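Shown below, as structure tokens, is a lone chain in the form predicted on its own; questions about how it binds or moves come after it.
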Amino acid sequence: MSISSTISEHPVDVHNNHEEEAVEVGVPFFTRGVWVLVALALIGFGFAMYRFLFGLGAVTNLTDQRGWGLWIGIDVATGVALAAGGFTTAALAHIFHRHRYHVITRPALLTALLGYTFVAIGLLVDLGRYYFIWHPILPYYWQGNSVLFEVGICVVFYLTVLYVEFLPIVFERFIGRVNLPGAFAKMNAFADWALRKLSGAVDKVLWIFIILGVVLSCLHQSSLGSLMLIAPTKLNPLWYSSLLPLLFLLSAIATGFPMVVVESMVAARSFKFKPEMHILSNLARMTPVLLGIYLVIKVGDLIYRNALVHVLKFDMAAWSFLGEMFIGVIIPFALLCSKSVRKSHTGLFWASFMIVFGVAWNRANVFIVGFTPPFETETYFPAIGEFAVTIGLISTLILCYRFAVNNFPVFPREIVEEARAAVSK
């Protein structure tokens, strides 16, 4: 059944009786682990400021021949792929009306929102003229023949869509609880009325943004692969293919549910929740199908192009390709085909983590390992500053996630109150 026929028979379900009431987690923000993340974030921020002051050459190992590296391969390309859980769960719960999955849509939405926000920040650090990052917003600078422009404008639009989709969570947090300080207290009633009006207006059009988010995600996930189509002589044959856009899209879709599983289980451990295994196991049951489609097309393309022979070179690229395929695709595919693995906390987590790690490995292979610019005199390896900024961005993202779930209704009331009761005993 097509998406269009599904929508026509059942309008997109934005608010329904199947979605449990969500509440703020409300745990202490600072822990020993959080202080470690704060330290890593500050170190990364320091290197980023040094880069802005003294240029890319002062912090990175990038050269005129090697124009991109870790920040594009990991911070941008991988970040976009790992944020796919937002649009895959939105499509599953709202468009295909699998109501039992509504419980995971808010955490997935928050992960996607923060992921894309930090993709934009990572791109800002990587751009030589970072102060022109706003140019794609203005039609005067649009270039319809540029794949990079298509990626940029879709990310801008999708990031906007994600923030609109997050607005109902913000309204839910403040409606009925407006408490302005001091002289502004007289405006409490008006502010609450305005929030209710805005909430009603957003509710009426939210279904449009949900569909738009799915469409935009498919566009820029595939277009990231299209970027490399103009480099047939620079990209290793193990990864270069006219099917790169399709392979990027399929790998992102296949990673969407595993990323939700990993995020849910890590959050459950951090906040002392019980992971909702009945939901996560069902997601994992769909994953081998999506991963299998990617695997068949990937291997079939390699055979069709006679590119498998490059594996027999057993050079760095060949070993990296084998690691990506076996650790990131074949082994987790086999594991998740087992019902006992899907029902196991440990098995489900590590199988899902391998897929997440595998797609990150794939993006690093395409943009770094397998990419060989002409006239490159030295093999590229990221500098300490590049690692520091990337680790700092990831640490800051985790801190923002913790702040958001502490202050906004993201997780269902039932699991939050159950965790609070267990802690208080």
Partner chain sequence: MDSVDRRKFLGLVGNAGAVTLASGLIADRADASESSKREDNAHSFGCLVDTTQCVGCRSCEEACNMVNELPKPETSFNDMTVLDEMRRPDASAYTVVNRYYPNPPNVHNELEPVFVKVQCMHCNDPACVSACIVGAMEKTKEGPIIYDPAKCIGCRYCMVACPFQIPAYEYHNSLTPEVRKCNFCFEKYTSTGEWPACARACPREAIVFGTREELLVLARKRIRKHPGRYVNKIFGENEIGGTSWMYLASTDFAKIGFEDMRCEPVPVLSETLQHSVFKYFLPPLALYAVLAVAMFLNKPTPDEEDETESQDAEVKNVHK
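Numbering follows the first chain given and starts at 1. Computed from a prediction, not measured in an experiment: that's the story for all the values here.
Beyond the structure shown, there is the form predicted in complex with its partner chain, which is absent from this document and is the topic of what follows.
The partner is absent here, but in the predicted bound form a heavy atom of Val215, alone among Val156, Ile121, Val215, Ala318, sits within 4.5 Å of its partner chain. Among the residues Val202, Ile327, Leu219, Ile169, the one placing a heavy atom within 4.5 Å of its partner chain in the predicted bound form is Leu219. Although the partner is absent from this view, Pro245 contacts its partner chain in the predicted bound form, with a non-hydrogen atom inside 4.5 angstroms. For Tyr141, a non-hydrogen atom is located within 4.5 Å of its partner chain in the predicted bound form, even though that partner is not displayed. Residue contact with its partner chain in the predicted bound form: Ile208 places a heavy atom within 4.5 Å of it.
Put simply, Phe54 is close to its partner chain in the predicted bound form: some heavy atom of it is within 4.5 Å.
Across the options 109-117, 194-202, 176-184, 274-282, residues that bring heavy atoms within 4.5 Å of its partner chain in the predicted bound form belong to 274-282. Residue Lys343 is the only one in 342-362 with at least one heavy atom within 4.5 Å of its partner chain in the predicted bound form.
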